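Form predicted on its own, single chain, as structure tokens, below.
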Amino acid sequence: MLGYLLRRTAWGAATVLGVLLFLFALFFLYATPQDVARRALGEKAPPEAIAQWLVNHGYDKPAVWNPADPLDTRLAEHLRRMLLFDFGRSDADDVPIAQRLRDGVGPSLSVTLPLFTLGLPLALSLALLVAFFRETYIDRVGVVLCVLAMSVSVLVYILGGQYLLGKLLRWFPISGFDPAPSVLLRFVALPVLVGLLAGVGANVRFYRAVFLEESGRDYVRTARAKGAGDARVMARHVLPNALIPVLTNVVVEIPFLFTGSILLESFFGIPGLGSITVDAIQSNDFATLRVMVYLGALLFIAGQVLTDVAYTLVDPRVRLG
């Protein structure tokens, strides 16, 4: 297993390097530093202010090659900052990006963690239910409801939840955020509820397909032939053996726990990492955008490696060679 992990780590490092090079080409070669400075300072900014801004952000250096000092380039500075997690300052307002990330992690996790911990067991339970009653009216109605839930845009859930539960019934604030423990639940309850409704249809349909596929395996027929009931078969045989595709689907969602949900945070006024990303896009804050894309790639690659390790824990037949 150690050799496999070393190889996967090496491939992950190569992927991260590729992501960094792509980000450099996208943000430093396609858009010139002067363009970035004008977006930050305004089109009517004097040349002296633009030149000073470039010096302050290190954008005055040569892009790729500097004959006097090969390491004194924007590419070398970009790689150094990202690999050492020294993200520098925002292009829009000169606020340290690391500080902005620290401030945004808490609000993001206050929404995504409850959404994840409630959504996974809810989707698994409903999927087991409809798979247990397969080929009955309960299964058919469940599939229809899942397809309908998947067909509705998340924006409809957000606006509908804000209008019904926020404006008409006044159960929750329409938007805003307060980290105080006494009122935090009121601010995050509505976005969590909306996120559950928006995502449960796709997850239930996927897990149902997984459970039905496992239900047709030989070991399931053997268990039924020995007298095991359907409920016992689903709980003791089908569910444990379906954990690999379930785990794969779960790992895809893990990076979003830290990077936040862009739509939910934007519409509900939650100052998390998703809102930071949206604000960076609107203000042409390329420095922050680079960091957010880089962190998302790191989390995804790390999640893939950890998934392979988790496979060996949920299924003893899996061997990493």
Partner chain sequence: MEGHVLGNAFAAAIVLLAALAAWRLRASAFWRERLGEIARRRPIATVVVALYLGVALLDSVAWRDAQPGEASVEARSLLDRAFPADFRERSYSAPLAAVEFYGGAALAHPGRHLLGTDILGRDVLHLALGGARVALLIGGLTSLIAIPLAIALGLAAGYLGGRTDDLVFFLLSTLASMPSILLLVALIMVIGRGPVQVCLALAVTSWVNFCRVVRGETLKLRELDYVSAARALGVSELRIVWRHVLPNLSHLVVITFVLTFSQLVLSEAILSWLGVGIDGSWGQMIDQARDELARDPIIAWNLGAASAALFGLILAVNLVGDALRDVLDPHTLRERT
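Numbering follows the first chain given and starts at 1. We call the rigid core the largest set of C-alpha positions that still match within 1.5 Å between the two forms. Keep in mind that what you see is a predicted model, and the values were worked out from it rather than measured.
There is another form of the same protein, the form predicted in complex with the partner chain; it is not shown, and what comes next is about it.
- For the partner chain in the predicted complex, the listed stretch (72-80, 101-109, 141-149, 119-127) containing residues with heavy atoms inside 4.5 Å is 141-149.
- When contacts are judged by a 4.5 Å heavy atom cut-off, D86 does not count as touching the partner chain in the predicted complex.
- Contact annotation: T277 falls within 4.5 Å of the partner chain in the predicted complex, judged by heavy atom distances.
- The closest heavy atom approach of Y30 to the partner chain in the predicted complex falls within 4.5 Å.
- Among heavy atoms of I281, some come within 4.5 Å of the partner chain in the predicted complex.
- If you check the partner chain in the predicted complex, you find a heavy atom from every one of R39, V154 and F206 within 4.5 Å.
- Core-superposed comparison between this form and the one not shown: the C-alpha position of R217 differs by no less than 2 Å.
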